[in-house]
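Given next, in structure tokens, is a single chain: the form predicted on its own.
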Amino acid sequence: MIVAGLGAMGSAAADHLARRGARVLGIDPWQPPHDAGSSGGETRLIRKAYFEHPDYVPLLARAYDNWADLEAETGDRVLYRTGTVYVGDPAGELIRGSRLAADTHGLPLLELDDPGLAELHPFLRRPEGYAALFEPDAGLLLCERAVAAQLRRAAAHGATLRYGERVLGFDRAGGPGGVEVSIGGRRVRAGALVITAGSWAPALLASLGLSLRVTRQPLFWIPAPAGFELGTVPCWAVQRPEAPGLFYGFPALPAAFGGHAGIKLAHHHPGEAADPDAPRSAATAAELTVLLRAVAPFLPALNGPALASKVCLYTSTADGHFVIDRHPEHPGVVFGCGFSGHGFKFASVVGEALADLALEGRSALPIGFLGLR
């Protein structure tokens, strides 16, 4: 089994395949965890009251279990259940969709008044007319640590991981089944190819007409007020009716974690179009100013300047939902792509689903709503 791309999804796929006894060759142009694609930047939100659609919730339940298994087997903690506060227009997508997912699946989701919000997150404000919810089971994932742990477990179960190489294409292999994969200047035959190439997936899957859009996404870290550390406040996400997407952030991580000091801030909304192979422009002070102005009504205590910044990539579908399926013209090829900036939390279960498709041709996991159709 060849896995093309070893970020969040590919490292998980290689891990699941290797632990089921498959011979695995994982390929990545860089050595993960790295900042070239979509899996860098220290942290990602994880939540179950999924406003995007209730159909994601069973997959999230399985993802939580799989993350716990990874932690138990590797000894690396990757998931922190800090809880997350959501603030938004009661009729907006964030609040309405979170309530729908929680009601559909019986998830704990607390309605907060101003005193309740102040007790949970002393820095976060609820402007007049806005609603506030708290999901106690939500929190954050340490993304680079999670990728590294998945790759380490895959290698421990026999996976071969090669860096500095790229899968350039594929075709049917001669004889029954299988696929012939172009890796650099050579051709390699395999039982299956799993494409988890992130922002490089559009080139490998061009024949499917998926209209995947790659965009540049700036991330910032700013000084943290005292009392904004991990273990003292939850994560947060806010939605403004006049602005697209979500603004979100995390508690400041301890220095012992080895990352950037301060509070991470970001805007979950596709940014400007980007070529993943072109030099990437750095995040700017003007972009941070726009972000701080957007969150000022909710977090007036936050201010710049930036302590650090990064630029990652989104690869988005037209409707913002993932695509996980078998290639209709190449039975030996399966893929996961178009994670649209909200996929990392699912990596542990997406890897399982892709391993199912590669080994068995189907999956019992509820991924039908994410198929090509």
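Small disclaimer: the values here were computed from a predicted structure and weren't measured. The first residue of the sequence shown is number 1, and the count goes up from there.
Another form exists, predicted in complex with a small molecule; not displayed. Remarks below refer to it.
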Next item on the list: Could you tell me which one of His327, Lys48, Arg62, His342 places a heavy atom within 4.5 Å of the small molecule in the model of the complex?
Entry: His342
Item checked: Of Ala224, Leu124, Leu204, Val188, the one that lies within 4.5 Å of the small molecule in the model of the complex (heavy atoms) -> Leu204
Next item on the list: Using heavy atoms only and a 4.5 Å cut-off, decide whether all three of Arg153, Gly351 and Leu370 touch the small molecule in the model of the complex.
Entry: no
Checklist line | Location of the small molecule contact in the model of the complex, chosen stretch of 213-221, 103-111, 282-290, 296-304 [non-hydrogen atom, 4.5 Å] | finding: 213-221
Check: Does His34 make contact with the small molecule in the model of the complex, using a 4.5 Å heavy atom cut-off?
Finding: yes
Next item on the list: Check whether Val167 has any heavy atom within 4.5 Å of a heavy atom of the small molecule in the model of the complex, and answer yes or no.
Entry: yes
Notebook entry, point to check: Does any heavy atom of Tyr56 come within 4.5 Å of a heavy atom of the small molecule in the model of the complex?
Noted result: no
Check: Looking in the model of the complex, any heavy atom of Ala14 within 4.5 Å of the small molecule?
Finding: no
